[in-house]
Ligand SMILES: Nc1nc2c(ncn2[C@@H]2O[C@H](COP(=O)(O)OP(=O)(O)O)[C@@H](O)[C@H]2O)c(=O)[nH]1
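Okay, here we've got a single chain as structure tokens, the form predicted alone, with questions on binding and movement later.
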């Protein structure tokens, strides 16, 4: 399962251009609002030097990187929570995403209509924030009404949930995003089902052709979307020859990190070296489920080694050979540990599951 990131912003800020650069998928791009009506979806590989190094020593038949799903969502306008523009359709698509990649405009192009008539990223961010907050307030109010009806049964759990929802409602009504509210893990768990828009982690990127963006304040990743779209069409050899760095990789990793994910690896007896994503703090049994539900259900134990230890030992002259031999060598050296279902997976673990 891929984690999804919704590309969000006002019309004509460059969302579809960024999506095309990230995914290398052809999409309709125009100078007028609402070219994108139905969301575009694309899967992007997560850049990973560790996977490359593991593959160099294991030499598998197949290499599969971790991935993130990016969703190009239609432009939002003021009053979206009331149905303006594509309104609820827009907000509904955000609700289905795990994180938000918010785009603001800082480029001048008279041929591309500017809904504000001025370059003002801060104002754009405020419009988006207000619309998301208003939609969350609506969701909170509906949740309270429903829970108050259930409270007639005198269920203590319902009363606890009402208090948490009202605590969140009070903060949101004062303009505070849910991600900024001081909530316990238990409270976060209680409200997770509502998929609140302002609870989602967020990365902000500025579509700009300028080097200096200090006038727009902090918190933005500056990126020239048009340039990145052109660079994305070059092959790795051309990139190397022109000594061009891929700034999109940095953006992908920012999205990956804001989702609070870690990466673990499997080598499948040398047939496939694979990187998989997992929420930080997850157990090895959860990790098994990322491969297949059968692996989670039939999990017995797992053998684990850090990627660096595997690579360094296998790269040693005495460690070279078949993938099975490489794994056997680190095992004979006592470098592999056997763990049970409660083991918490660490970022960079290489795991062999036993079912």
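Residue numbers count along the first chain shown, from 1. It should be emphasised that the depicted structure is a prediction, and the values quoted were computed from it without experimental measurement.
Heads up, the form predicted in complex with this ligand isn't pictured, but that's what we're talking about next.
- Put simply, of 114, 224, 277, 282 only one has a heavy atom within 4.5 Å of this ligand in the predicted bound form, and it is 224.
- With respect to this ligand in the predicted bound form, the three residues 46, 49 and 252 uniformly fall beyond 4.5 angstroms at the level of their nearest heavy atom.
- This ligand is not drawn, but in the predicted bound form it has no heavy atom within 4.5 Å of residue 246.
- Among residues of the shown chain, residue 10 is one whose heavy atoms approach this ligand to within 4.5 Å in the predicted bound form.
- Among heavy atoms of residue 273, none comes within 4.5 Å of this ligand in the predicted bound form.
- Shown alone here, residue 107 lies within 4.5 Å of this ligand in the predicted bound form, counting heavy atoms only.
- Of the stretches 118-126, 143-151, 168-176, 225-233, only 225-233 has residues with a heavy atom within 4.5 Å of this ligand in the predicted bound form.
- For the stretch 193-220, the set of residues having any non-hydrogen atom within 4.5 angstroms of this ligand in the predicted bound form comprises only 207.
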